[in-house]
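Have a look below at one chain only, the form predicted on its own, in structure tokens format.
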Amino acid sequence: MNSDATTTLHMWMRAHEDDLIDFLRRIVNMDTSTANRPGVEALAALMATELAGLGFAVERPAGVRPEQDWLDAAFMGAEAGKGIAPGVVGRLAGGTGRGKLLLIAHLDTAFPPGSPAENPFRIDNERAYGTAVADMKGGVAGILFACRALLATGAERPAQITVLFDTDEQAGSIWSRPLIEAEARAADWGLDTEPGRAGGQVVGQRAGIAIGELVVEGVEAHLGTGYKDGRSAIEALCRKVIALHRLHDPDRGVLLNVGEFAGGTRRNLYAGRAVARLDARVTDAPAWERLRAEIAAIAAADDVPGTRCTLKLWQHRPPMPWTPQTDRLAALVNEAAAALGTEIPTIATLGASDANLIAGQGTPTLCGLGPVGGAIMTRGEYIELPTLAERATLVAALAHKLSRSEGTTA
């Protein structure tokens, strides 16, 4: 097809750019830390209302409690067991094109409660700053305005568009995972509006992520009077951490870090218990199987006789591989970018997102379709403001192109 539809969509988006920025300002200044359920619920209610106003049939499905309670505790801390705000699912039927498209973004943020009051939305030198402006309030606004543009311009769109806003992505999506995977199985394609890379790229491949917890039980005893009997859980766990860090090997697509470590009760006692948590990332399923076996062997090793280690390990995001379908989606991005007068490469990264869960169901998926940003999860988080309308247009253009495709580029 030619670039007329993309141009029309972009003209509409530029004409409504002030509205888009105002909406982004509004939601950035809402406190939606994962731990702040009332704040997340307020944004979810707003997005449900906005979608309903566009003609979407809206549902508010509750999260599904994960079977592994330790996962909830690891991600949610003091909020474990309390559940999450219900997500938002909107379905828009009646498109004259082919296929079912899933658009996804998360409403929760990684920042602690109270952050928007300390770091509100602001604009400086064509950059917009503020709490979670890139990750991923910009992508939330982008989906809404992409849908508005498709409807307002009458551009051909897929037979059905499903918009999913989940509420615990920053906590591993462990409550939302069943919902995301079910919607992915019902879709022909998935588009995730996580922030575009700082170089302007979108993402076609992501790493799988696992979380692990090692608990070592030792023998508590006084250093002065019980040194013959004491067995230090801290010493045993330190030996295991050193071995685990030797598995970190970016050249073979494996990242591993033990980022949490705690143990003992007093300096003059052999530690009776020590706990460590790790994050592991791999590029593909075979790498995960190898790494899982290596981690298990380290956990089972008798580093300090008389101590015992228990391992819990869970891959909460499967790898998102690069496939021939990724090539086709990347080609559509190139077409749309050319019509917008720019270049938008598609790359692989070692980060992960909800896109992993979509791709894990075999659904062709692209991620990083939100505005270009940087300094993620810091006070200086920003987006390049001109890319806000550009990326919302890109999402709308991809929806249009996919509706006209036959499994190849439009």
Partner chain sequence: MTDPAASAIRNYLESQRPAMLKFVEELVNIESYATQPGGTNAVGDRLCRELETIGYTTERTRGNTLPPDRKWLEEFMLPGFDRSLLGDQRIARWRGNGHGRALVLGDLDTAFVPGKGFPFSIDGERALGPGIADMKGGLTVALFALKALHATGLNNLAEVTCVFSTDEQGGSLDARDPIERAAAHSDWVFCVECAREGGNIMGSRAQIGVARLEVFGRDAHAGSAYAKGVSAIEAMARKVTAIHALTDPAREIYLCVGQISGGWRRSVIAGHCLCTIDIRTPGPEAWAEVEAALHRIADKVELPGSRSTFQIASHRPGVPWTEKTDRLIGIAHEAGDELGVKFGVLRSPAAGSSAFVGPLGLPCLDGMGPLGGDLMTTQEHIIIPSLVERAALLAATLHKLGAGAWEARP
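Between two forms, the rigid core is the largest collection of C-alphas that superpose within 1.5 Å. As the structure is a computational prediction, the values presented were derived from the model and not from experiment. Positions refer to the first chain, counted from 1.
Another form, the form predicted together with the partner chain, is not on view; read the next lines as being about it.
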ask   = Any chance all of Ile211, Ile234 and Leu350 sit within 4.5 Å of the partner chain in the predicted complex, going by non-hydrogen atoms?
value = yes
query = Which one of Leu256, Ala287, Ala330, Ala337 is close to the partner chain in the predicted complex, taking close to mean a heavy atom within 4.5 Å?
reply = Leu256
Heavy atom within 4.5 Å of the partner chain in the predicted complex - the one residue of Ile180, Val282, Leu103, Leu278 that qualifies = Leu278
query = Might Arg122 be said to contact the partner chain in the predicted complex, defining contact as any heavy atom within 4.5 Å?
reply = no
inquiry  = Please determine whether Gly263 contacts the partner chain in the predicted complex, using a 4.5 Å cut-off between heavy atoms.
reply    = yes
key: Exercise: Ala74 in contact with the partner chain in the predicted complex, heavy atom 4.5 Å   = yes
task = Considering only heavy atoms, tell me if Thr310 and the partner chain come within 4.5 Å of each other in the predicted complex.
result = no
The partner chain in the predicted complex: contacting segment from 138-146, 124-132, 266-274, 198-206, heavy atom within 4.5 Å = 266-274
key: Heavy atom contacts to the partner chain in the predicted complex at 4.5 Å, residues of 233-256 in sequence order   = Ile234, Glu235, Cys238, Arg239, Val241, Ile242, His245, His248, Leu255, Leu256
task = Would you tell me if Ala338 moves between the shown form and the other one by 2 Å or more at its C-alpha, with the rigid core held superposed?
result = no
message = Quick check on Pro324: with the core superposed, does its CA move 2 angstroms or more between the shown form and the other one?
response = no
query = Does the C-alpha of Ala198 move 2 Å or more between the shown form and the other one once the rigid core is lined up?
reply = no
